[in-house]
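The form predicted alone is given below as one chain in structure tokens.
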């Protein structure tokens, strides 16, 4: 392409996907949508100037070159790995492919005590990366994910799953878990104070996504993270807590190469409570005098798919005593990312558990604390883990239930 001859470096990341979305309303299939999408993320670099843009056609690049010439020099400039040659990888599940051809099998699965709402989404996604260094990579994956919300009058419960293969048992298990949470009734007033709480894997998914993005090297070097003033090897969490980025596994959003053509790798962000590594691309790694972790993201290194290591106890035993269990959460907001000060609102069933038994459901309750405090006060994790992703925790991950001591709660 002629336009690319006028730049020093470039990378073109083409994303194309075909999805089948099944929408469920009041336990019935309300709509089936078939979606196709194709776009290009483009990095153009000329000296210390760079431009990152998204276009639907490569014919639209010419105008961006004029913009590039008028930009100021930048201190941190995205780059691409000096890697050439072709790379191809494909891992697709025939069950997902069959489901995309025939979604009628969903309706018989929707038997439930309470009205069910939610979506099932299956996707075939291909990314292609071409760089000025001569790398041509292509990778195809299949994704299957869903979430369900059960409504029992004024009460509700939610669950989700994320998978790279089709398995009806995951659909049924999510429905059953959502119904179980919706079955708890009776309002109990929870006043402002400090409580022991249990975070479900859905709530963990939302908060671990924030934790991982705050572990991005760019967040750290800009002082926009509670990890900015932490040293590698410093204790930042409970010894029972290990958070890893695992793109080489079997989870949703696993990939073999990043946006700079660097091979991805599994790595610990926090290992048994100690800060191990930020997430890095080539240029941020250079600023921090480290090596890329394969998490580009031009400009902003980002996580791929996460896991929190399991604990040694059953999830039921976490509920001994007096605790507040968060089924779900939303409206997570950081008032101060440097201090990790945040708040998030419980959604669906926020169970009040006394002497090991659920006795009712709290009204709208907000967790208002510091992320560092939360991670340091993790007291126990369940040995059971769940692969989840949903619309307010779109980054997939595998999480246990977490019992956390001394968490500040307030009425939402």
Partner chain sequence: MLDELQKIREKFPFRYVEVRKHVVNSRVISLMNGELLGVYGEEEKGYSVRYFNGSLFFTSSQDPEDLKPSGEVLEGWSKELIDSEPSAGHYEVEEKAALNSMGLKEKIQLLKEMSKEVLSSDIRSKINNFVLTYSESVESKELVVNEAEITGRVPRVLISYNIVMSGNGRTVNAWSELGESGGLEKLKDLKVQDHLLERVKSLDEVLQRGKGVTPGKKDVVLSPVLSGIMAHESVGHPFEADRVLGREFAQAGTSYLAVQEIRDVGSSVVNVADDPTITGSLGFYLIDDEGVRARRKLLIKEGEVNELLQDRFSARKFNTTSNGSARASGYDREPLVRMSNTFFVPGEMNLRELMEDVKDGIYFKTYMEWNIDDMRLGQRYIALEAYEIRDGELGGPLLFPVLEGKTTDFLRAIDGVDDSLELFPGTCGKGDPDQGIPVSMGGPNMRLRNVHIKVI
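In this text, the rigid core denotes the largest set of C-alpha atoms whose superposition between the two forms falls within 1.5 Å. Numbering follows the first chain given and starts at 1. In this text the structure is predicted, and so the values were computed from the model without any measurement.
Beyond what is shown, the protein has a form predicted together with the partner chain; the following relates to that form.
Visitor: Does each of 111, 243 and 354 have at least one heavy atom within 4.5 Å of the partner chain in the model of the complex?
Guide: No, the whole trio is out of contact, none within 4.5 Å by any heavy atom.
Visitor: Want to guess which of 136-144, 168-176, 153-161, 243-251 is within 4.5 Å of the partner chain in the model of the complex, heavy atoms only?
Guide: After filtering at 4.5 Å, what remains is 153-161.
Visitor: Of the residues 184, 334, 275, 195, which one places a heavy atom within 4.5 Å of the partner chain in the model of the complex?
Guide: By the 4.5 Å criterion, the partner-contacting residue is 334.
Visitor: Just one of 316, 223, 85, 321 has a heavy atom within 4.5 Å of the partner chain in the model of the complex. Which one?
Guide: Among 316, 223, 85, 321, a heavy atom within 4.5 Å of the partner chain in the model of the complex occurs only for 223.
Visitor: Contact between residue 233 and the partner chain in the model of the complex at 4.5 Å, heavy atoms?
Guide: Residue 233: no, not in contact with the partner chain in the model of the complex.
Visitor: Does residue 125 reach the partner chain in the model of the complex, with heavy atoms at most 4.5 Å apart?
Guide: No - in the model of the complex, heavy atoms of residue 125 and the partner chain never come within 4.5 Å of each other.
Visitor: Is residue 411 a contact residue for the partner chain in the model of the complex, using a 4.5 Å heavy atom cut-off?
Guide: Within the cut-off, so yes.
Visitor: Flag residue 118 as yes or no: does it have a non-hydrogen atom within 4.5 angstroms of any non-hydrogen atom of the partner chain in the model of the complex?
Guide: Within the cut-off, so yes.
Visitor: Residue by residue through 56-83, tell me which have a non-hydrogen atom within 4.5 angstroms of the partner chain in the model of the complex.
Guide: The stretch touches the partner through 56, 57, 60, 64, 67, 70, 71, 72, 73, 74, 75, 76.
Visitor: Align both forms on the core first, then report whether residue 103 has a C-alpha shift of 2 Å or more between the shown form and the other one.
Guide: Yes; that C-alpha moves by at least 2 Å between the shown form and the other one.
Visitor: After superposition on the rigid core, does the Cα atom of residue 28 shift by at least 2 Å between the shown form and the other one?
Guide: Shift of 2 Å or more: yes.
Visitor: With a threshold of 2 Å on the C-alpha, tell me if residue 384 counts as moved between the shown form and the other one once the core is superposed.
Guide: It does not, since the residue 384 C-alpha is displaced less than 2 Å between the shown form and the other one after the core fit.
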